[in-house]
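One chain is shown next in C-alpha cells, namely the form predicted alone.
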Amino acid sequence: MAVSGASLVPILLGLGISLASAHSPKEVECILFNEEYMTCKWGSGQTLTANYSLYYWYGNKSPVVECQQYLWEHSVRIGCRFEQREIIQFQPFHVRVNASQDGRTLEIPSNCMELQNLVKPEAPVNLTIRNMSSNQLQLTWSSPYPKAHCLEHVVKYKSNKDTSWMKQEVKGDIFSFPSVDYEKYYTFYVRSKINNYCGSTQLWSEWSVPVFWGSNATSKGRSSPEPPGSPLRLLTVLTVSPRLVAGMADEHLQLFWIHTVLIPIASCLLLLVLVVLLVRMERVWVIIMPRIPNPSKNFDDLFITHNGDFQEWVGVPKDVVESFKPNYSESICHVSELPYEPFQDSSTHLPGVPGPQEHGPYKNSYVGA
C-alpha cells in the first residue's frame, strides 16, 4: 500500500519528537576541577540508551572539535573529559551533543559557558589547631588550588554538646575561635570556592577531612587540651588502604631492627676495635696515660757505693781534687791602734810636749813576724 509524501511528514516528526523526548539529555553540565581537568556530562547510563557524541569550540570562529576522551557507563557515553591542555578560560565555550539511534540523529545544542565560572577547587588539607591563649584557638589549613588568592572559605564546627553546626565565612586561610570550653570536644571542617574577584560560581569544594580538639568525657584515652602556645594533638579520620598499612608496618619493622639490633652491635664492635688499638699501640697508650718518672734509682750509687762523695760519684780525677787543696802557710800579723789625743794649738804649746810638727794625732805601731 503506497503512502503519500504528505503523510510521511507527521510520521517523521513524531519519530524525531519521540527520540528527543526519550533519549536526549536535559542539559550538559560542565565542571572544571581545580583547573586540572574538566568533565561535561549529560546523563547516566541507566537513563540513556542512544549513542551520543559531543563537539565543542571556543569563541565564534574556532574549529569544531569532537571529544577525545568519552566517559562511559553501562556501555553508554554519558560525558566527556577534557585535559588541562584543552581548557581555555575567559573565552566563550560552546558544546553540541548529537544523539543517534537506529540511523536517526538529533542535534541537541547547549548554552554558551564561561569556564572560569565553572571551577570547583579541591578540598583544603593540612588542618592544624593551635592554642593562642587560655580560651582562644586558631585553625589553619592549606589548599591544593594553585591560586590561593582566588579562594574564599567556610568553616563548619560544633561541639559534642551542640545539636547544630555553626558556619563561618573566612577570607584567608586562618580561622580564630575566640571562646573555647575545655570541657567540650570540638569538630572542624573547611571547604572552599572561587571568590567574586576570579569568577562567578557557586561550586563549593568538598568538605575537608575533619580535625578534632578538646576532651571527650565519654571516650577513654583522651586527655585534656594542651597548654597555650603549643601545637595540639590532631585526631583525624582517614581512610587508609591495606597496601599503605602493610608498607607502614614493614617500615616500622625495619626501623625496629635498626634501632634495637644493628645500632647496639655496631657500637659494641666499634668499642672493641678502639680497645684493641689502645692496647696494641704503645705510643698512643703513652700519650693517653704518661708514666711518672722515679729518680731515686739514679742516686743509689751516690749514697751506697761512694758514701755521699759527689766528686767521686761524678768521676772527678784525684789529681784535680788535690790541686784545689791549699799547700802553703802565712805568718800571723797583729795590728793595733793607739788612743786618740786631742790637737793643741802652737800658742798654747807646753814645754816638754812634742808639737804637731813632731808627731801626728795618732801613734801607730806595727809588729810583724
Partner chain sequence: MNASMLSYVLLSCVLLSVQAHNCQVSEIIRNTRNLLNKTQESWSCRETAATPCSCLPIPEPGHELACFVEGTKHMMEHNMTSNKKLFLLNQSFQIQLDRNLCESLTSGKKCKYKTKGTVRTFLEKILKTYQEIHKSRV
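Since the structure is predicted, the reported quantities are computational estimates derived from the model, not experimental observations. Residue numbers count along the first chain shown, from 1.
A second form of this protein, the form predicted together with its partner chain, is not displayed here; the remarks below concern that form.
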Original post:
So which stretch, 176 to 184, 153 to 161, 197 to 205, 131 to 139, is the one near its partner chain in the predicted bound form (non-hydrogen atoms, 4.5 Å)?
Top reply: 197 to 205
Original post:
Heavy atom to heavy atom, is residue 116 within 4.5 Å of its partner chain in the predicted bound form?
Top reply: yes
Subject >> Any non-hydrogen atom of residue 256 within 4.5 angstroms of its partner chain in the predicted bound form >> reply: no
Subject >> residue 92 within 4.5 Å of its partner chain in the predicted bound form, heavy atoms >> reply: yes
Subject >> Contact flag, residue 149 vs its partner chain in the predicted bound form, heavy atom cut 4.5 Å >> reply: yes
Original post:
So which of 82, 145, 212, 189 gets a non-hydrogen atom within 4.5 Å of its partner chain in the predicted bound form?
Top reply: 145
